[in-house]
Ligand code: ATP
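Next up: a single chain in C-alpha cells, the form predicted alone.
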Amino acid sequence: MSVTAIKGMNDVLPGEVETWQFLEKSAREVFGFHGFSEIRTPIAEKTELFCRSIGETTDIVEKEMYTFSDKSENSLTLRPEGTAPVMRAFIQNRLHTLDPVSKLYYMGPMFRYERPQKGRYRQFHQIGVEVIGVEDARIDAQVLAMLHQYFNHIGITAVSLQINSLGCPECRPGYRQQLIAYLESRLDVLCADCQRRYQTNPLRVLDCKAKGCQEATVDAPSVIEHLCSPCNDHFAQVKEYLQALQIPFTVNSRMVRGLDYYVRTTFELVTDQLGSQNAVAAGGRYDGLVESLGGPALPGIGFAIGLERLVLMKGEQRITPPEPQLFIATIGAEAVERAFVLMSQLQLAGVRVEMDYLGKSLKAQMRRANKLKAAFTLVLGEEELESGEAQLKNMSDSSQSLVSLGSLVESFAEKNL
C-alpha cells in the first residue's frame, strides 16, 4: 500500500506552482513599494504564545491547533496564524530600537486541524503584513490601500472591502455585557458552540455561520453604536481617508474576527466566487498585543491573505511554466555528448534548453519539442559535428538559419531570446 499525503495537506505541483510564485512575487513587489521588509519566523512556536495572543476561548486554541510535546516535555504548536510569531520575533530581537515604525511582511504555511473543504485546509498558506508603532488612522487607510493595490496587481477584482470597529478596552466591556444579556434571552435557539461560549466570547456568536444563530442575532446591539469618543473618531477618520484614496468599502457591523487581540479597525476582503469561504484577506488593529507579550506599549495593524483562495480565484488565469527557448535533438552517442555540453553552456548564459535523455528516435524527439512548445530546435548528427554548424529552426514559422556550434550562445544573444 502506498503512502499518501495527510488529509487537508496538499501538494503544489508543476503547472500550479507557477501561479503561487506569481502571487508571492507580486506581494514582494507591491509591499516593497510601500517600504515593507520580509521577516521569516519558525513554523513551530511555544504553545503559550498562541494561548496568550489569540485567546484561550477562541475556536483556534480550543479546537484547531496542532500541539505536541517535544522530548524535553515542552509544549509546542505549529503556527495557526502569522501575527503572533511576528510579534514574538519583533520583541525578542528588539526591532523597535532600529526604527520607531516597523513595516514587515511574511509568507508561508500555517496549520489548523479542521474539516477540509474548498478553500479551507489543514495546512494552508498566507501572505501577511504587520505595521507596528503607528496609531494614526492614516496607516489603517494606507494598509487597506496597499491590499487594494495588490489585488489589482494580480488581476483579481471580484472582491469587496468590508470594515468595522471593535472598540477598545475602554468601551468594549460595556457593549460586551449588553450583548451577553441579549444572547441570554435567545439561548434556546443558539447552536451548541454559541451556547457554550456566549459568556466567555460573546462577539463570536455574531460571526457564527449557523442559520439559527444568524436569525437569532439579526437585531443584536451593534458595537459601532457603543464606541467611546476616541474610537468613534478613529473609525470616522479611517472612513474619511479611504474615501480620499478612492478605496470603495462598506461597513459591516457584524464582522468581529476570530482572534481576541483585535481592537478598533477590523476588515475583510470578501468575494462571492468561493461559496461559504468568502474571505480572501482579513485583518485589523491589535494595539495591546505587543505589550501583552512582554514588549513595549506599541500599536499595530496588519492583515493576512489566503493563498489557496487566491489560486482558486485565478482559476483559468493560471500562470503557465516558461517554455524552452531551444530543444536540441540528437542522432548518435557522440551528438548526445556534444549536446549535453552545449545545453549547459546555454543554461549558464540564461537560455532555457531541453534535450533528450532516453535515446528516443529523431521523430520522437521532435514530437517532444512540439509538446514542450520550444521556440527553436537544433538537430545534431554526425554531419553537424564534422562541419561545426547546424540548422536552427524557428518552430513558429519553420524558417531555418545556419549557426555555428561554437557561437551558439552568441547567436541566441543576438536574437534577444
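In this text, residue numbers run from 1 along the sequence as written. Predicted model, so just to flag it, every value in this text is computed and none were measured.
We do not show the form predicted together with this ligand, though everything after this point is about it.
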task: Can you check 342-350, 292-300, 244-252, 120-128 and let me know which stretch has heavy atoms within 4.5 Å of this ligand in the model of the complex?
output: 120-128
query: With a 4.5 Å heavy atom cut-off, would you call D193 a contact of this ligand in the model of the complex?
result: no
query: Do E135 and this ligand come within 4.5 Å of each other in the model of the complex, heavy atoms counted?
result: no
message: With a cut-off of 4.5 Å between heavy atoms, is A282 one of the residues that contacts this ligand in the model of the complex?
response: yes
- request: Verify the contact flag for E114: yes if a non-hydrogen atom of it lies within 4.5 Å of a non-hydrogen atom of this ligand in the model of the complex, no if not.
  value: yes
- line: If we test each of K103, R264, R88, R257 for a heavy atom within 4.5 Å of this ligand in the model of the complex, the one that passes is R257
statement: The listed residue (C213, I163, L179, A304) that reaches within 4.5 Å of this ligand in the model of the complex by any heavy atom is A304
- prompt: Are there residues in 357-380 with a heavy atom within 4.5 Å of this ligand in the model of the complex, and which are they, in order?
  reply: none
